[in-house]
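Next up: a single chain in structure tokens, the form predicted on its own.
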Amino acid sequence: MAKKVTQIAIYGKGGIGKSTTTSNLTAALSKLGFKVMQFGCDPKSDSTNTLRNGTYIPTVLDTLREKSTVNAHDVIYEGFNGVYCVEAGGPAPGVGCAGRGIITAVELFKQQRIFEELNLDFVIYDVLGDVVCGGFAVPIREGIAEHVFTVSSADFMSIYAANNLFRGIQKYSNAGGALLGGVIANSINAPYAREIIDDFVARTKTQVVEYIPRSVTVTQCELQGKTTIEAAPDSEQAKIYFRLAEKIAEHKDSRTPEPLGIQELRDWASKWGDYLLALETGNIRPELQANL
């Protein structure tokens, strides 16, 4: 009997460090002894670059445009420490839905039962989280991913995107959709950034899985075309990614979040804005802290 493959979707606003976090998570899981596939679902097709020394790989959609039929093995490439790398790809510029690559690629792999054939432990989908519609919602809507995590900083637009994701998960949760495992808090260096994230997850009835600081080590490694796990395995940043991987590997209990309404989210952000301004000017009044 084939072992169960755990499928996980990592969402996040563009530019928030989603692919960096995902690739380091994948690399760390592989070093912990798991067989892992990273499935890039961003039309930019750059999710797996740092797992392959900075090189791009042909995408599923590009390959399908060249051939009438495709064997899934033709679009799987080996990366760091035996990680399997796949890029769904996107349509030709200006044509079609950017989420089509996800729909097509996932269907191809399901039909050919690739995950079972490769005896995988984890499939990690790296999904653009600015919009949760069409193909981008497939891992959630169809319950392909068992657990969903979102990468978010304390920046408002990042939190706004996370809250939108929560709305999508809540919408499909009663129809067999994926549930939320929690928030991976990225670029958390200032104490107030952690406070903002903590407040947001408390109000939306979820949890922070790990706090990841911004680090020049990550930049140095990516400039070499590598993950931190590969290029700086003994660094403090690598230890954090290993800790995240251990938590993800052990994670079992995902739930339906309780997203904030649009006006509620704006009011919440406004109060934090007032507080941060007061913090910077040294004019912190008790009522500002009480209103958070």
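The first residue of the sequence shown is number 1, and the count goes up from there. This one's a predicted model, so the numbers in the text were calculated from it and none came from an experiment.
One more form of this protein should be noted, the form predicted together with a small molecule, which is absent from this view; the next part is about it.
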I'd like to know if Lys44 sits close to the small molecule in the predicted complex, meaning any non-hydrogen atom pair within 4.5 angstroms. yes
Val218 versus the small molecule, in the predicted complex: is there a non-hydrogen atom within 4.5 Å? yes
Test of understanding: in the predicted complex, would Arg194 fall inside 4.5 Å of the small molecule by heavy atoms? no
Can you tell me whether Asp155 touches the small molecule? I mean in the predicted complex, with a 4.5 angstroms heavy atom cut-off. no
If you check Val86, Ala161, Ala178, Ile212 against the small molecule in the predicted complex, which one has a heavy atom within 4.5 Å? Ile212
Using a 4.5 Å heavy atom cut-off, indicate which stretch of 235-243, 31-39, 261-269, 64-72 touches the small molecule in the predicted complex. 235-243
